[in-house]
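This document opens with one chain alone, in structure tokens, the form predicted alone.
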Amino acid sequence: MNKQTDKRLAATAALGLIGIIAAGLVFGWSRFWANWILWFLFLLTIGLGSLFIVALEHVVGARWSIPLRRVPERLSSLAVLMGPAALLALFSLHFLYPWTKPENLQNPVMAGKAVWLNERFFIWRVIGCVVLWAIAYWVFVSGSVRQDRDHNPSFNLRARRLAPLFMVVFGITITIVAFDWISSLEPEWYSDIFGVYIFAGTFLAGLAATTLTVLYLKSKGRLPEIKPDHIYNLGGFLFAFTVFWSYIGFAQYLLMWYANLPEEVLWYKERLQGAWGPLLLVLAIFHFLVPFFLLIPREAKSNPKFLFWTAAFILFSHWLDLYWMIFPVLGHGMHLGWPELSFGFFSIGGVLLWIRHSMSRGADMPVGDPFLREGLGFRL
């Protein structure tokens, strides 16, 4: 059955690959690269959000999450996988990013940002971020896997010392991702809290993916020691960061609406016209109202089947949020068709195949962690 599933996923990814190449030739490379950026950022934020969860456990010395930690450790490999995708995305610069065109430097706003928004510095920032994420993955995840074999408690001390440093690195690099890959699609616009907004979505995506995977593994008879109290805590974090994401998103909009400055409202003006306005309303309902009310009851946070579909809904909403931010730069209304479907097949098929294999390697729990027994005994 596993081999058959792998073959189906590989076939889905291959079909999607054929479709996206054909879509680039037929619909133009701007739409191709917009889809590439969308899926690259969607998967990258899941990986970085998962890596943040791992580091956060070490920073605060949490015990309850230790039995679950191997899941976000494995999911964080998406951040490493997206390294080559980020380098390939550099070919999108001349198709999507107006600051790369010399004639646009006549614009005083773009000229003022040229110190930051220039191709050479942009490329070095991308390489630097990819290297830093790979190092963090090696420190926290590879070290945890090695501890399964040698049961050396020195890993916990090393991770505890380095985790605060990673938080600084994470804060800087996720802000760079926000401003470089999304905000600079329209370089005349800026927002002081845009990096915080992307962080909120990234952490929520990592939580949702972790919850989905934990519940899936538990439904397959793996992770039998995971108790309802562990599941409840995941649901509680999903609820809390759904509210946090919504607060940051509304605060950003409210401040710009109130100030009504031309260089600030331009971005929202484009995303409220035509079909984008109703999509924003759908996003507010899907990304906030639905999960908020679904997760209010205490029982909902510990109901595996209910929580599974709620987490899946949150992940879809995160994809929709990125779509709403990126695709208006293409103009000519909303784009949802063959190219988007092909990218979905390619990305979902390939990533599920990657995750299936990552979930089959090593122990499902960090069995070498000296505090695992304490985590398994967690009770609310």
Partner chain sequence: MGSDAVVFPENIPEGLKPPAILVGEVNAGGLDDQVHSHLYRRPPKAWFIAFAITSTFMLTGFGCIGYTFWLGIGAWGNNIPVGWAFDIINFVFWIGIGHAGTLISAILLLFRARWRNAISRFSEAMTIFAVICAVIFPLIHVGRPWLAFFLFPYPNQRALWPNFRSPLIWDVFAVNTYFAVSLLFWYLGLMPDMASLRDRTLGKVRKVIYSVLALGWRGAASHWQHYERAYLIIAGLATGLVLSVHSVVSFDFAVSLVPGWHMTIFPPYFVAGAIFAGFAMVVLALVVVRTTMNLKNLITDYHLEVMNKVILTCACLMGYSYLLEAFTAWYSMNSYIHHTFMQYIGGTYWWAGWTTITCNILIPQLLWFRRFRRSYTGMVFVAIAVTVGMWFERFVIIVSSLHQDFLPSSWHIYKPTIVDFGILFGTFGLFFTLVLLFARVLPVIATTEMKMILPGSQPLHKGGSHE
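Numbering follows the first chain given and starts at 1. Computed from a predicted model, the values in this text were never measured in an experiment.
The following text describes the form predicted together with the partner chain, which does not appear among the structures shown.
Undergrad: Scan Ile285, Leu88, Val131, Val115 and let me know which has any heavy atom within 4.5 Å of the partner chain in the model of the complex.
TA: None of the other options qualify; the answer is Val115.
Undergrad: So the partner chain isn't shown here. In the model of the complex, which residue out of Pro98, Pro304, Gly274, Pro153 has a non-hydrogen atom within 4.5 Å of it?
TA: Contact check passes for Pro153.
Undergrad: Is the partner chain close enough to Pro102, Asn104 and Phe313 in the model of the complex that each of the three has a heavy atom within 4.5 Å of it?
TA: Per the other structure, none of Pro102, Asn104 and Phe313 touch the partner chain.
Undergrad: For Pro164, is any heavy atom within 4.5 Å of the partner chain in the model of the complex, or not?
TA: Yes, Pro164 is a contact residue.
Undergrad: Under a 4.5 Å heavy atom criterion, is Arg298 part of the interface with the partner chain in the model of the complex?
TA: Judged by the heavy-atom cut-off of 4.5 Å, Arg298 is in contact with the partner chain in the model of the complex.
Undergrad: Heavy atoms within 4.5 Å of the partner chain in the model of the complex: does Ile193 have any?
TA: Answer yes; at least one heavy atom of Ile193 falls within 4.5 Å of the partner chain in the model of the complex.
Undergrad: Heavy atom to heavy atom, is Met256 within 4.5 Å of the partner chain in the model of the complex?
TA: Yes, Met256 sits close enough to the partner chain in the model of the complex that at least one of its heavy atoms falls within 4.5 Å.
Undergrad: Since the chain is shown here on its own, which stretch among 340-348, 35-43, 63-71, 314-322 would lie within 4.5 Å of the partner chain in the model of the complex, judged by heavy atoms?
TA: In the other structure, the partner sits against 63-71.
Undergrad: Within 341-380, which residues come within 4.5 Å of the partner chain in the model of the complex, counting heavy atoms only?
TA: Residues within 4.5 Å: Pro370, Phe371, Arg373, Glu374, Gly377, Phe378, Arg379, Leu380.
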